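Given as structure tokens, the chain that follows is alone and in the form predicted alone.
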């Protein structure tokens, strides 16, 4: 597949023109700790199967982005083994069955280098794709993401991943403040709470797109195909 040029993507609150040469796909935290039983998401009492609905749409977009030569960025939330980058207020919050750093079925919960911290097999990064390890919910905080995007001349972000109202939303808000145009792929995002997912998408596109645009994987794939012709 040839690299697409420019195209107009169907989105809300309005269509948006994209120059795909200046566009990156950002996949947020599709990690085993969040999507699989025994990980951090389940320790919080969540039904992790709620997140599986995003996997197929993200996989389709990831395949197309790779074939088209778009910049691909994966993020992973997690902490250093000594927890020096994990604030006590985060570690001590709530009443999970296991806390960050505790030993679980996939290794220490939400710790870099452990099996649970890694990205699920269906979306595993290829060699050369950017992987951003972040200690917080936003992908720009305490990471080199901003520098990587500047180095590649990126202006537009296609954002998907989990969870919609937490790490996706935080990243989009951070990106918006930095001048990036964010398009969130609604079916490529998911939450443990479907009502939070729907509300999160509404918040992004409200007031004329206060944080960005909301589209879907099928519309994006159609636009990319048309932009290659």
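Values in this document were obtained by computation on a predicted structure and should not be read as measured data. Positions refer to the first chain, counted from 1.
Below, we refer to the form predicted together with a small molecule, which is not included among the displayed structures.
In the predicted complex, residue 29 approaches the small molecule with a heavy atom inside 4.5 Å.
At the 4.5 Å threshold, heavy atoms of residue 160 stay clear of the small molecule in the predicted complex, well away from it.
Proximity of residue 48 to the small molecule in the predicted complex: non-hydrogen atoms within 4.5 Å are absent; the residue sits far from the partner. Using a 4.5 angstroms threshold between heavy atoms, residue 167 counts as touching the small molecule in the predicted complex. Figure note: of the listed segments 39-47, 66-74, 52-60, 200-208, the one touching the small molecule in the predicted complex, with heavy atoms no more than 4.5 Å away, is 39-47. When the small molecule is considered in the predicted complex, only one residue from 99, 137, 79, 108 comes within 4.5 Å through any heavy atom, namely 137.
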